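The chain below stands alone and is given in structure tokens; this is the form predicted alone.
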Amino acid sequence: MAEHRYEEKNDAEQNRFLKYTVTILSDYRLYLLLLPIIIWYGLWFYKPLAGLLIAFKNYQPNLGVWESDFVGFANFGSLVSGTWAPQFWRAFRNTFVISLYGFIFGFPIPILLAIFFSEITRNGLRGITQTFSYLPHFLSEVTITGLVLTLLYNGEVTTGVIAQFLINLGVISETTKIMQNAEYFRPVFIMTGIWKEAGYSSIVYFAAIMAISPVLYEALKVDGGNKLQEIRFVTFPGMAPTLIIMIVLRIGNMLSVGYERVILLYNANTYETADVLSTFVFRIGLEGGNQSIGAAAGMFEALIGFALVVGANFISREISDSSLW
């Protein structure tokens, strides 16, 4: 009886393997097209995972990863409560605060832009406005930060347009150096991010709005609904699955603040509010040559991000019908 059951299981596995083989061979052209993407992900996302071993070792470049001494969780202890704790927790706090402010003030802007674009009836005008809103996304971080520094520059001879405007309003004094002042870094960073990415991020929400059936809007008009009621009772419910997915992804990236813009904008005077986990890893791991501590900080950031994604997805699945998995 046991042998018969084993043979049935073996036959089922062979049939399944044969079925998958036939499917792959029949669509081999599609899998060949997919192969470069698989190789790219393998080389750039999965192969570097071996470098995480550095976080558990006293890494010495001359010895390599495998020959360096294994120290267990000592590097993590040094981050959390040891030598590097003050700088690490400052970077952790700044990362969380910047991400939280970016979520609160930046997340609604693409949604409002998408609603605004959907209300423009002339396709030509809509295309022009969308193009101008997308344009900053395609500019490099160096270009964007260069423009920001120029506009906010407050020098003895020349002053940027925005800096001069703030001086005229009495918001800042003529001697205030905006980019040398720690309290101004977060607002400047967040507004720069909104300016650069809001238009491009609105594409997914605009697509969700365009997928809503026009019949729903017509039915609401027949019932006497106005424009605000259309947005409240038709547009937002129709966008709900997309909104939930984007919120889950955004929560998962709460500790992922890109280091490029921060490095280009910050300086020694603004470390107190500008230094984030990614720049901490860059300064300690690459510039400082302490790869073990940098790898431990990067792994800590990744684990917290993973936990946030899992938690947000679980909550989304419990309270709604939409989730990543």
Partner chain sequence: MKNHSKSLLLVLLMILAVVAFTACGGVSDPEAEPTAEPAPTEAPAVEEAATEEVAVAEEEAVVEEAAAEEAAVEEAVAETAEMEAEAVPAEEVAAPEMAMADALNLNIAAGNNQRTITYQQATPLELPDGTVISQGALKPTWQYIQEQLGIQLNDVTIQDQSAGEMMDVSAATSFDNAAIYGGNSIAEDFMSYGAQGYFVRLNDHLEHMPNFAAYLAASPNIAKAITAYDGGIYFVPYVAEIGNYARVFDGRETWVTALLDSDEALEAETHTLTPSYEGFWDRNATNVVDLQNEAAGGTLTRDVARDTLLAYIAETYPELENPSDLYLGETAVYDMDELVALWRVIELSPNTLSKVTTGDVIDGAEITPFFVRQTSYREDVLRLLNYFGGQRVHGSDSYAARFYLDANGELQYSYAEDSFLAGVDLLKDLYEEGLIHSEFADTSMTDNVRNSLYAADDSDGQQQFGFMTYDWIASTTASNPDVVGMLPPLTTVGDSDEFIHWTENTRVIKPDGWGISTAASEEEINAALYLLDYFFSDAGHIVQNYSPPYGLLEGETYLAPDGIEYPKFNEWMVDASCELKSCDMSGFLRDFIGSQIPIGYQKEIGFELQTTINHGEEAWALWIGAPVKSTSYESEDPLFRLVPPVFSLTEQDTAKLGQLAVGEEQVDQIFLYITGAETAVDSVEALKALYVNAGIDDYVDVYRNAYARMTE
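Positions refer to the first chain, counted from 1. Because the structure is predicted, anything quoted here is derived from the model rather than measured. By rigid core we mean the largest C-alpha set that fits within 1.5 Å across both forms.
The discussion below concerns the form predicted in complex with its partner chain, not included here.
Partner contact region in the predicted bound form: 177-185, out of 177-185, 214-222, 232-240, 99-107, criterion any non-hydrogen atom within 4.5 Å of its partner chain. Although the partner is absent from the chain shown here, none of Thr21, Trp89 and Thr279 has a heavy atom within 4.5 Å of its partner chain in the predicted bound form. Interface membership of Ile167, defined by any non-hydrogen atom within 4.5 Å of its partner chain in the predicted bound form, is ruled out. The closest non-hydrogen atom of Ser26 lies beyond 4.5 Å of its partner chain in the predicted bound form. Though the partner is left out of this view, Thr83 does reach within 4.5 Å of its partner chain in the predicted bound form, counting heavy atoms only. Among heavy atoms of Ser78, some come within 4.5 Å of its partner chain in the predicted bound form. Of the candidates Met191, Ile247, Ile172, Ala74, Ala74 is the one whose heavy atoms come within 4.5 Å of its partner chain in the predicted bound form; the others do not. Annotation for 19-40: interface residues with its partner chain in the predicted bound form are Tyr28, Leu32, Leu35, Pro36, Ile39 [heavy atom within 4.5 Å]. Superposition on the rigid core between this form and the one not shown places the CA atom of Gly42 2 Å or more away from its counterpart. When the rigid core is held fixed, the Cα atom of Phe70 travels less than 2 angstroms between this form and the one not shown. Core-superposed comparison between this form and the one not shown: the C-alpha position of Asp27 differs by no less than 2 Å.
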